[in-house]
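Let's start with one chain on its own, the form predicted alone, as C-alpha cells.
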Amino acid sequence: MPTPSPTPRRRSDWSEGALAILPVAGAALPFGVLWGALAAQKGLSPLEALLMSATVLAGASQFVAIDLWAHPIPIATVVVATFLVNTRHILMGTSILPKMEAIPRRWKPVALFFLVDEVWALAEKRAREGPLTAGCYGGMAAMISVAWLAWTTAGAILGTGVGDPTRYGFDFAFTALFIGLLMSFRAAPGFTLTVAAAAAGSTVVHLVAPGPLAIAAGAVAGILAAALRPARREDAA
C-alpha cells in the first residue's frame, strides 16, 4: 500500500491555524479601519497606508507613529517611540522561538517578522496543546496579515468619511481584543500575579510619563513577576 502523502497534513495544519485566528482577524476590523482613517486624515494615501501596514505590520507602533505624524516628520521621535512600543516583541520572540522546532531554521526570521501579538498568543496556546507546526503558524500569520492589510486600507479609502471613530466604540476595540487574548492564559501558573504586576507597572509609568514607555514597563514588570514567582509543585505536574 502506498505511503500517504504528507501534503494533506500540511494543508490541515494551515487551515487549523487560519481558522483559529479567524475570529481575532475579524475583531481587528474596527481597529484597522480606525488606523486607516487616522492615516488618511494625516495625509497618507491608501497606497501609502497599505505599504506602511505591510512593512511595519504592528498595530500599536503604527498608532504611535501616526499620532506623531507631522510635516516635516520628526523621524528621531517616531523611531524612539515605536522602538519602545515594540520592545515587547523581543520578549515574545524569546518566548516562542524555542517552540518553533518544526519550522526550518532559514524560515524562522520570516516567521518572527509576522509575530504580532495575536499570533504570539495563539501560537503559545497551540504549543501548550501540541507541536507548533510550520503550517499552523503560517496559517495564523497569513490570515491576520491579510486581514490587517485589508482593514487598514479600507479605513484609508474611507478616510474622513469615518468621522469621529470614538462614537462607534472603535477606540476600545484594541483593548477588548487583548482582554480576550489575555484571558485565554488564565489557567497558566502565576496568571493573576503576572497580570497584576504588568498592570501596576504600566499604570505607574503612565501616570508619571504618559506615552509608549508604559507598554515596555508593563511587559518588563510582568516578566519579572513571572520569573521571580516561587515555583510550586503543581507547576511541574
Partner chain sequence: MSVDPLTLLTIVLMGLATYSTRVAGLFLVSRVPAAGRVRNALEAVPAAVLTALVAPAVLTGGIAELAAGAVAGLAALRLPLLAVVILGAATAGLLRAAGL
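What we label the rigid core is the largest C-alpha set whose atoms superpose within 1.5 Å from one form to the other. What you see is a predicted model, and the numbers here were worked out from it, not measured in a lab. Numbering follows the first chain given and starts at 1.
As for the form predicted together with the partner chain, it is not shown, yet the points below apply to it.
- Contact check for residue 116: a non-hydrogen atom falls within 4.5 Å of the partner chain in the predicted bound form.
- Interface membership of residue 122, defined by any non-hydrogen atom within 4.5 Å of the partner chain in the predicted bound form, is confirmed.
- The closest heavy atom approach of residue 135 to the partner chain in the predicted bound form falls outside 4.5 Å.
- At the 4.5 Å threshold, heavy atoms of residue 26 stay clear of the partner chain in the predicted bound form, well away from it.
- Taking a 4.5 Å heavy atom cutoff to the partner chain in the predicted bound form, the contact residue among 78, 103, 154, 147 is 78.
- Contact with the partner chain in the predicted bound form, judged by any heavy atom within 4.5 Å, is made by just one of 91, 127, 142, 158: 91.
- If you take 189 to 211 and check each residue for a heavy atom within 4.5 Å of the partner chain in the predicted bound form, you get 191, 194, 195, 198, 199, 202, 203, 206, 207, in sequence order.
- Core-superposed comparison between the shown form and the other one: the C-alpha position of residue 25 differs by less than 2 Å.
- Once both forms are fitted on their rigid core, the CA atom of residue 184 lies 2 Å or more apart between the shown form and the other one.
- With a cut-off of 2 Å and the rigid core superposed, residue 209 has a Cα displacement that reaches or exceeds the cut-off between the shown form and the other one.
- Expansion of the residue 185-residue 34 CA spacing by 3 Å or more is recorded in the predicted bound form, set against this form.
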